[in-house]
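Okay, so here's just one chain, in structure tokens, the form predicted alone.
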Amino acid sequence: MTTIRPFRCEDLFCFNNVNLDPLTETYGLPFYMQYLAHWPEYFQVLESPNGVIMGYIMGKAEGSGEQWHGHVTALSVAPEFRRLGLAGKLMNGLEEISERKWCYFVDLFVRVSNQVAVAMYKKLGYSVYRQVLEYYSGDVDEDAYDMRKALSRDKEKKSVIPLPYPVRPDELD
């Protein structure tokens, strides 16, 4: 049985099996600690019965007015635990937290080339709101999709009406 529980400081020393995937963004310890200190309810871990970290999600609530939203900063499941619906469970939890915080939508950024993740998010009800040019830096800069899902507060679903043109990272609100 898989357990979803709050992330703890000591988990930082136990989740390498999740972070070693080349598609997973890995951050410095201070970044993780900042999220844990500011948005602990948005930082969740999937743990196996024998204590192995199977995956995690980290996010926050941000914005103002009709742009008040939940944001997925990182979601990753270790390769050996993929295709079991675990990412969907983590996303559902983050959406529930965002509903309780009375957010209008949840958003996330995903590499355009990561078609497996894009398809999974679409299956979970997310749509591409806009394309962000050269969002990910590397040997070759890569575009991202800003994907969104409207929550119950956005009755008219205005937050997910796609932009008809791409934007640059410095144009993000």
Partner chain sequence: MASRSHVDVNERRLRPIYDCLDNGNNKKAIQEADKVLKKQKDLSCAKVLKALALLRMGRMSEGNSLLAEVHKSEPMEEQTLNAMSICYKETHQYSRIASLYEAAARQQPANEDILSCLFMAHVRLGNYRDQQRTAMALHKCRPNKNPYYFWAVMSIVMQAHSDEKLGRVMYLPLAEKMTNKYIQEEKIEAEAEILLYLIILELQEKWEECLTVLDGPLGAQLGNELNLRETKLAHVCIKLGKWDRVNSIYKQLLNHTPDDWAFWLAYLDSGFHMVDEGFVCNGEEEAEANKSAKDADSSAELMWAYICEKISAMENGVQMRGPYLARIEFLRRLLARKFELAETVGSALQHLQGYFDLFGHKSCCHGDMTLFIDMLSESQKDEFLNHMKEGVDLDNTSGVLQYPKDVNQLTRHLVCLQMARTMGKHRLFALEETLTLSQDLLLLYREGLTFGKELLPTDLQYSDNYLLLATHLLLDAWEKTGDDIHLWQAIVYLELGIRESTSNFQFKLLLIRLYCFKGVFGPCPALYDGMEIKHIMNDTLGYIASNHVIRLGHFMEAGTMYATMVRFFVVNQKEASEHLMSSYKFGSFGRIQEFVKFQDRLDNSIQYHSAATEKMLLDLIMQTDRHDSAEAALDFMNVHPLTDQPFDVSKICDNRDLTIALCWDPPNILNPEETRQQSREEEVAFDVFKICDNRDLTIALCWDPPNILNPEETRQQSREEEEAWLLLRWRQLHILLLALMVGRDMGAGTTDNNLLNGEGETSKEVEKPVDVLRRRVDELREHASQCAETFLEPRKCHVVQGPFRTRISGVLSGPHLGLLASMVDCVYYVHDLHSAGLGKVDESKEKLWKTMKESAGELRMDGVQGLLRDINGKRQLDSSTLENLVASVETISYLTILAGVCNRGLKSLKEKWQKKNKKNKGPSISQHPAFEGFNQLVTELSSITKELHQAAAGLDPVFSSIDIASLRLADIPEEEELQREAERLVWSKVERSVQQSSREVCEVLHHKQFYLNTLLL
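Numbering follows the first chain given and starts at 1. Everything numeric in this text was worked out from a predicted model, so none of it was measured.
One more form of this protein exists, namely the form predicted together with the partner chain; it is left out here, but the text below deals with it.
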Query raised in the report: Can G138 be called a contact residue for the partner chain in the predicted complex at 4.5 Å between heavy atoms?
Result: no
Query - the partner chain contact in the predicted complex: P6, any heavy atom under 4.5 Å - result: yes
Query raised in the report: So in the predicted complex, does any heavy atom of E142 sit within 4.5 Å of the partner chain?
Result: no
Query raised in the report: For K89, is any heavy atom within 4.5 Å of the partner chain in the predicted complex, or not?
Result: yes
Query raised in the report: Among 123-131, 143-151, 64-72, 47-55, which stretch has residues whose heavy atoms lie within 4.5 Å of the partner chain in the predicted complex?
Result: 47-55
Query raised in the report: Taking heavy atoms and a 4.5 Å limit, what residues of 95-114 are near the partner chain in the predicted complex?
Result: E96, I97, R100, K101, S113
